[in-house]
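Below, in structure tokens: the form predicted alone, a single chain.
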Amino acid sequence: MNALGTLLLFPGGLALLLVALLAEWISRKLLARLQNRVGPRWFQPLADTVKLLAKEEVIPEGVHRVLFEFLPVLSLAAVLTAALAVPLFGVVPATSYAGDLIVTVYLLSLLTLCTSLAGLITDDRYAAMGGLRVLSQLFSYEAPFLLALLGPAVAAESWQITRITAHAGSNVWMLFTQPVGFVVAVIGLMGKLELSPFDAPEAHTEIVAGSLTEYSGRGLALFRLSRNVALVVGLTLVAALYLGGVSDPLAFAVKTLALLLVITTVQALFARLRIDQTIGLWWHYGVLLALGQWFLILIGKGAA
């Protein structure tokens, strides 16, 4: 019973969903202030979610109803499962096993795959275009993001998140020893989650809402929740691996908020990139930068 309560309340389950909504509000509020706007009130993300959950979900013609309704549920389940092995809120993760870093990254990618399929299974041209863009961007940002997170894993000689964070906490911050990997990880996370300026897959001025154009009500709410949870999990991973591991929950929360501030500032500074820019440039240079850092890590370990 205690284990079930822990999974539901803290540090997972409902607590994670609430923190995800809080992270959305902080991001939107910071972005508004950087753009000289007022921004939403603190309860706006929760109010939007409750409103969508209460609305009727319209099923468009020509789609597989079960698949259409199942994709949002699968995406939320995937990111919540990914959170089990991550030191959320600076506390010990609910589970830990060998290779959980790889599993966590690929569970986060399942959200992107579900978002892409959500657009490709409909007859709407905007949704189909958004689905193709999501899938193309996945291939461009997944490999650099994974390689950037594996840099600390190589340094720690383990694929287990708890061991990597322990190694990161007992040594110099990997932000200073692997700065290229840190930059690649942050940009890769933004690209995976389609955050501005990498939001070509859902460009509102071009293709309405991209792959989620046909979604409304509960399905749209679950997809939005999934992306917010994935943002929290991604920020936690980058902070734990590159910013000195996990020692104090308060200090870890400050690090995570600092990362969120960096991402929001990038969103405010740059306009949306074209789809060819988001795919071509980063695929060429992101992978090369990550592989170059891997090469330097291996040389350093060989010399040691």
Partner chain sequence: MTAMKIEQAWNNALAGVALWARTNSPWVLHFNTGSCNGCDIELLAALTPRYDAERLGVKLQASPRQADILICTGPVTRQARDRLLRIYEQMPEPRFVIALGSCALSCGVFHDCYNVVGPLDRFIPVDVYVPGCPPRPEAIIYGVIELLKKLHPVDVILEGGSA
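Positions refer to the first chain, counted from 1. Note that the structure is a prediction, hence the values are computed from the model and not measured.
Only in words, not in the display: the form predicted in complex with its partner chain, which the text now covers.
Under a 4.5 angstroms non-hydrogen atom cutoff, its partner chain in the predicted bound form has residue 38 among its neighbouring residues. When its partner chain is considered in the predicted bound form, residue 260 lies well away from it, no heavy atom lying within 4.5 Å. Proximity of residue 192 to its partner chain in the predicted bound form falls outside the 4.5 Å heavy atom cutoff.
A residue is said to contact a partner when one of its heavy atoms sits within 4.5 Å of a partner heavy atom; residue 47 meets this definition for its partner chain in the predicted bound form.
Partner contacts here mean any heavy atom within 4.5 Å of its partner chain in the predicted bound form, and among 156 to 164, 220 to 228, 100 to 108, 76 to 84 they occur only in 220 to 228. Residue-level contacts in the predicted bound form: of 88, 212, 168, 187, one residue has a heavy atom within 4.5 Å of its partner chain, and it is 212. Every residue of the trio 29, 58 and 216 has some heavy atom no more than 4.5 Å from its partner chain in the predicted bound form.
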